[in-house]
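Only one chain comes next, encoded as structure tokens, the form predicted on its own.
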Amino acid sequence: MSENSLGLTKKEYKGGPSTLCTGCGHDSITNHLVTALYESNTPPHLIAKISGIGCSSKTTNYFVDSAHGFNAIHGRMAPISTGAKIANKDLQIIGISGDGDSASIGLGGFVHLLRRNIPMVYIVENNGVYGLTKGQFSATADEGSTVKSGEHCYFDSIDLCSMAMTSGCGFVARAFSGDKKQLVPLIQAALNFNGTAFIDIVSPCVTFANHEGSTKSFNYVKENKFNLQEFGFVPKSDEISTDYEPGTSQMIKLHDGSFIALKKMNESEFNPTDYTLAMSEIKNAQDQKTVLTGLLYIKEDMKNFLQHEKTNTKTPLVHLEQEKIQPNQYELNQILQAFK
């Protein structure tokens, strides 16, 4: 079995067995994360996997068993990640969130982490539903789409990529969970970015996203059935994958037979350092009901939070001796005097 430059095999970047539904796009993302971390020669003991609550937040259990991990409360992945990175700058923070976790209860933390430019990889596994609580619309569900009951979404969706850009994020990308060829390099680039690297990944839910009328693919549960007991059965589905050239569009057939239109940016026609162009292309894709994938925007000459706060010390704060990080009594008195 081949090894990377650290002498580790790909197997050593894997985690526990998944308990998600067979065919879930989130498991595809896990596989791509394993590949990206292995090929990037990332030391497992310096990885910190942080998540909130939801199907997406279970992902952290499925890769790099030997890494640090913290499953936060709902919507609090961002502040926990901020604290972890400040305490130990050497950690490679990988935050895994969902569209419910980041676009609803965690929206404030999401925006403020981006504007502070915390050095980390921030991944949203986006399926447009609350899969953990039976498939209600999330804030990223598209206007006009339907849930399994047939109810239409009549709100505009929150576009996390455009929100990330307006919040000051310097690395913004969108991908499809089944596109390994595109997603693995995007994750590798994110791992090497000096700041917050945000990737919004469209990840089909095979259980609650497999019915006619959903833009993110639901299974439709028939109405008007009388059941003596409540049972659940999720049929086995194959992973959805694709491979197509930059600058082209591709119709992807989902588990229920419906289709989603993907469009991959062509780097010869698109400059990801052009903020105005990136925002315009995101809006055009929304109007055309396509999913724009690729590196949408990058700004590399930004100071991150640790550099601004001068906490990017040679020795991480967590390893400094107490007397070096805590002012003595004389210094405390001087500080108090300054406020009088």
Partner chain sequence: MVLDNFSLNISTVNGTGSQSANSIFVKSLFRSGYNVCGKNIFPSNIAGLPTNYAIRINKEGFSAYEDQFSLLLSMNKSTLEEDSKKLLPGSNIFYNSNLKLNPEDFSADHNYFGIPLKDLAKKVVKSPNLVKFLTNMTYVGLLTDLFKLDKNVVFEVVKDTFKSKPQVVELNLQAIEEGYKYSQENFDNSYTLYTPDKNLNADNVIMDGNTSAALGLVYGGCHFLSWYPITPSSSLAENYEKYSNKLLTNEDGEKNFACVQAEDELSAISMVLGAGWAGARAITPTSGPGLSLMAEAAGLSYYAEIPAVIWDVQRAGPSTGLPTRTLQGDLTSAAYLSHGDTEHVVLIPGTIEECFEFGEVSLNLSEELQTLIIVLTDLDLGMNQWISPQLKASQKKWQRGKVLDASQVNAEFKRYADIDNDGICYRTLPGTDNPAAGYFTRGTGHNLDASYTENPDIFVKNLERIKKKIDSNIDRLPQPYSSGQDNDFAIVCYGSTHPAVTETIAALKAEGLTVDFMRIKAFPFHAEVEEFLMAHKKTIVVDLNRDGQMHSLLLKKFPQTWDKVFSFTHFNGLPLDRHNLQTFVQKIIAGGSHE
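Keep in mind that what you see is a predicted model, and the values were worked out from it rather than measured. Numbering follows the first chain given and starts at 1. Rigid core (definition): largest C-alpha set, two forms, superposition within 1.5 Å.
Not on display, but discussed next: the form predicted in complex with its partner chain.
Checklist entry - So, in the predicted complex, is A48 in contact with its partner chain at a 4.5 angstroms heavy atom limit? => result Contact check for A48: yes, within 4.5 Å of its partner chain in the predicted complex.
Checklist entry - Taking the shortest heavy atom distance, is A67 within 4.5 Å of its partner chain in the predicted complex? => result Yes - in the predicted complex, heavy atoms of A67 and its partner chain come within 4.5 Å of each other.
Item to check | Close approach of A72 to its partner chain in the predicted complex, 4.5 Å, heavy atom | outcome: Flag for A72 set to yes.
Checklist entry - For T313, is any heavy atom within 4.5 Å of its partner chain in the predicted complex, or not? => result Flag for T313 set to yes.
Checklist entry - Of these, A173, I80, L183, V121, which has a heavy atom no more than 4.5 Å from its partner chain in the predicted complex? => result Selected option: I80.
Checklist entry - Is it the case that L320, E323 and K340 all touch its partner chain in the predicted complex, with a non-hydrogen atom of each within 4.5 angstroms? => result Verified in the predicted complex; spot residues all in contact, yes.
Checklist entry - In terms of non-hydrogen atoms within 4.5 angstroms, which of the given stretches 101-109, 159-167, 192-200, 175-183 touches its partner chain in the predicted complex? => result So the stretch in question is 101-109.
Next on the checklist: Using a 4.5 Å heavy atom cutoff, which residues in 319-337 contact its partner chain in the predicted complex? It's fine if the answer is none.
Outcome noted: Going through 319-337 in order - heavy atoms within 4.5 Å of its partner chain in the predicted complex - the hits are L320, E321, Q322, E323, I325, Q326, P327, N328, Q329, E331, L332, N333, I335, L336.
Checklist entry - Superposing on the rigid core, is the CA of T9 displaced by 2 Å or more between the shown form and the other one? => result Where the cores coincide, T9 shows only a C-alpha shift between the shown form and the other one that is less than 2 Å.
Checklist entry - With both forms fit on the core, has H319 moved 2 Å or more by CA between the shown form and the other one? => result Result for H319: no, shift under 2 Å.
Checklist entry - So, does T19 move by 2 Å or more at the CA between the shown form and the other one, with the core held fixed? => result False for T19: its C-alpha shift is below 2 Å.
Item to check | Closer or farther in the predicted complex: C-alpha pair Q188, N312 (3 angstroms or more) | outcome: Relative to the displayed form, Q188 and N312 move farther apart in the predicted complex - a change of at least 3 Å between their C-alphas.
Checklist entry - Closer or farther: how do the Cα atoms of K89 and K310 compare in the predicted complex relative to this form, given a change of at least 3 Å? => result Result: farther.
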